[in-house]
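Form predicted on its own, single chain, as structure tokens, below.
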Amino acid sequence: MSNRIVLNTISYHGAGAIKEIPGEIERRGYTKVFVCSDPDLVKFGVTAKVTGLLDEAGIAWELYSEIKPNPTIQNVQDGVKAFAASGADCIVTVGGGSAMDTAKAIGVIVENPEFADVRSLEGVAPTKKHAVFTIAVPTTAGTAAEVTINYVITDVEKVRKFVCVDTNDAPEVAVVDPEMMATMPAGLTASTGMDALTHAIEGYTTKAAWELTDMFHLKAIELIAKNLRDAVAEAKSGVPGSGREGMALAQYIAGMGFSNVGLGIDHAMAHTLSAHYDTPHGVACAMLLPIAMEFNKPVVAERLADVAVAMGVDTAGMTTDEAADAAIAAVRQLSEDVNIPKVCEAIKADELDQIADDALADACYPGNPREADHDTVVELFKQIMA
């Protein structure tokens, strides 16, 4: 059996990294940029930090910002039409997971028009050509969409989210500049940070985990445990510090891992909550993370013990089970410290069967290290009901 690693061709990290964007475009001979960004980022001038650099370099660009927090099939199809009309030959996406996921789907379909329905991209899509050349600039520290081969689209008609996995969608260039994350409010800093922690822990415990991705995931867990509380405090105070920079790196490292080995039941259930109730993805992941860890503990106790150490827990003298329990407790404490909700009030008892079925059908579920049945997933959802 062979293991595969897919990463960006180039990535830039650190304050001021966005200054590298014009050069990357010019060196490749592209002439017009399709800027795909979140409408709020446009409104508050965050996107302008990048488009201003394009203006200074004399690079033409056109903006597309018709993107919802959970991007829809229609968002993607409208974007494909807008790209064609713009005359652009490359993409720069500025935003969180929603903007980057939309840009990925647009870029793939432009080069593979036979997938214009979008739904046919679900799962491992058999596309033939790499997406339009894309530079991804994250503005949140959580999704790691700038480095992954995954993206998630919402099917409004069928009330579900679907995951697309495609090596052809990975942005060639990632620009991880913590200064682009400076406007994140405390709540978003917390939820996206917990999303990154979920990526790292699920990636470390998934069926496909192996030595190289283990290295990424354990380092990401360590960095998140050290930096998330500080990053949230910095967001509240408005005073920049090392927490934000630490989280920018941590979430990228987590993406380097999970993109190549998959996730598990936490993300499968979280996607379902977002599709049915519009629950913010990071919040859904965070609420479910200790529950999923507890469920998986019988088959991954040793790995959860490693998670405890990475989170800074002194496990000397503990049994494996005790250390695994300490990891779960540490996750609960971190979630509480950054004010993540413990319940999803939108869940209705008469919808539990449907959301359980949807979670088991999600593309992330097969990677879970322990099998679950319908009734089990219902009980897991009940643990976050009001």
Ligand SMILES: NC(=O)c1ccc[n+]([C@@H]2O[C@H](COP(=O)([O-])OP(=O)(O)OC[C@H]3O[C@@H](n4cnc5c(N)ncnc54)[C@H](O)[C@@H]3O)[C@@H](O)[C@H]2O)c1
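The numbering used is simple: start at 1 and walk along the sequence shown. Fair warning: this is a prediction, and the values are worked out from it, not measured in the lab.
Quick note: we don't show the form predicted in complex with the ligand, though the next part is all about it.
- Annotated contact segment (heavy atom within 4.5 Å of the ligand in the predicted bound form): 173 to 181, selected among 286 to 294, 173 to 181, 78 to 86, 302 to 310.
- The shortest heavy atom separation between residue 327 and the ligand in the predicted bound form exceeds 4.5 Å.
- Under a 4.5 angstroms non-hydrogen atom cutoff, the ligand in the predicted bound form lacks residue 113 among its neighbouring residues.
- Using a 4.5 angstroms threshold between heavy atoms, residue 358 stays clear of the ligand in the predicted bound form.
- Contact check for residue 108: no non-hydrogen atom falls within 4.5 Å of the ligand in the predicted bound form.
- Looking at the ligand in the predicted bound form, residues 44, 69 and 195 each place a heavy atom within 4.5 Å of it.
- A heavy atom within 4.5 Å of the ligand in the predicted bound form is found for one listed residue only; from 152, 91, 253, 218, this is 152.
- Residues from 132 to 155 that approach the ligand in the predicted bound form with a non-hydrogen atom closer than or equal to 4.5 Å are 139, 140, 143, 145, 148, 150, 151, 152, in the order they occur in the chain.
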